[in-house]
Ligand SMILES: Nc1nc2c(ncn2[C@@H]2O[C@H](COP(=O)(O)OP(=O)(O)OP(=O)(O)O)[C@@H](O)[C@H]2O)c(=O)[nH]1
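What follows is one chain in structure tokens, specifically the form predicted on its own.
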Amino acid sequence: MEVGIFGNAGAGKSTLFRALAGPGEGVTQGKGAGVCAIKVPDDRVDRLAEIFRPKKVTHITVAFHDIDAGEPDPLSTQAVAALKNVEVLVLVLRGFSDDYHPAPPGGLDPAKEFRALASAMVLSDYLVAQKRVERMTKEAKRDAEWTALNKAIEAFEKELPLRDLDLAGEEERAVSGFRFLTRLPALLVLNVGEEAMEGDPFPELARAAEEAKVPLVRLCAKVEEEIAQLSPAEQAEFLKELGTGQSARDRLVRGAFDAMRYISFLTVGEDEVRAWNVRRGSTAVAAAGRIHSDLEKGFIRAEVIASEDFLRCGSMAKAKTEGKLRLEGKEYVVKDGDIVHVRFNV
């Protein structure tokens, strides 16, 4: 899963990227950009690993990309090209000022900043859609793509992002190839100063995020960067002093995962305990295919138990006795936290 960290110059996105990457994560760094792979926090995986003591434990990972935005126009050709390769957009907004980054004339206004960036992305997508429709008009083409693009243009003219547009079937497939920026699931990050970590210094942004149906995470990237340099034990102690059991880093990683409408299911055994991601609403046979194509082709049944039921029982034998382990067919909709074992025959 690929996530792009994006925002105006001075918003603190590179500081946030360093906080996410930490000293021990897998990071590749290039000129003005970087990529780091981070495990999605899931205590169910850790608790199951304590029971099975497998040779290998595998969490779902998310790759965060530090998108090199242009200045003064953040949506440079290079930035737009990079954003088209990600699945989720983390939009960093500025809610701090310091000696190196004094407040702009008129003061800080992250809600206004959000609306300006959202409008710029709508315009970028509009120009792409309009250019394609003009070409199709010359070619006299009228198909699902034509219909979908005209729907998109109508939405753009109303300043609406494509994620708010209900497309299905052929229309959805037609626009997916364009990788429109406003189709990307988005997550807002308000980067505040250390003095504003508590409270709600910019309530108008919360209202704008709710209006746009976009999740909002508030954090101090500078503090998160400092936390990331500590050992796990020191991090736990620091978070305890702050009065929270979870770092903003973990909330952001989980938020990016949830923004894609993914859920996690699990496979367990002595060889490996592993979390897998599938789209919310996926069936058992689709989950089987996520593990291996042979399991999807030869699917017979899936043995399923909710991870919380298993963890309460402590063993599969007791889970069977209590009737918590059940057999499900191809059309069963997998739930978040399900432990799944696929019966198959190829």
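The structure displayed is predicted, hence computed values, not measured ones. In case it trips you up, residue 1 is the first one in the sequence shown, and so on.
Form predicted in complex with the named molecule: not shown, discussed below.
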Worksheet item: Tell me, which of 251, 274, 222, 183 has a heavy atom within 4.5 angstroms of the named molecule in the predicted bound form?
Response: 222
Worksheet item: Ok, 84, 101, 207, 115: which has a heavy atom sitting within 4.5 Å of the named molecule in the predicted bound form?
Response: 101
Response to the item:
Only one of 166-174, 115-123, 254-262, 188-196 sits within 4.5 Å of the named molecule in the predicted bound form by heavy atom distance, namely 188-196
Practice prompt. State yes or no: in the predicted bound form, is some non-hydrogen atom of residue 11 no more than 4.5 angstroms from a non-hydrogen atom of the named molecule?
Written response: yes
Item to complete: With heavy atoms only and a cut-off of 4.5 Å, decide whether residue 96 touches the named molecule in the predicted bound form.
Response: yes
Worksheet item: Should residue 305 be counted as a contact of the named molecule in the predicted bound form, where contact means heavy atoms within 4.5 Å?
Response: no
Worksheet item: Applying a 4.5 Å heavy atom distance criterion, does residue 284 contact the named molecule in the predicted bound form?
Response: no
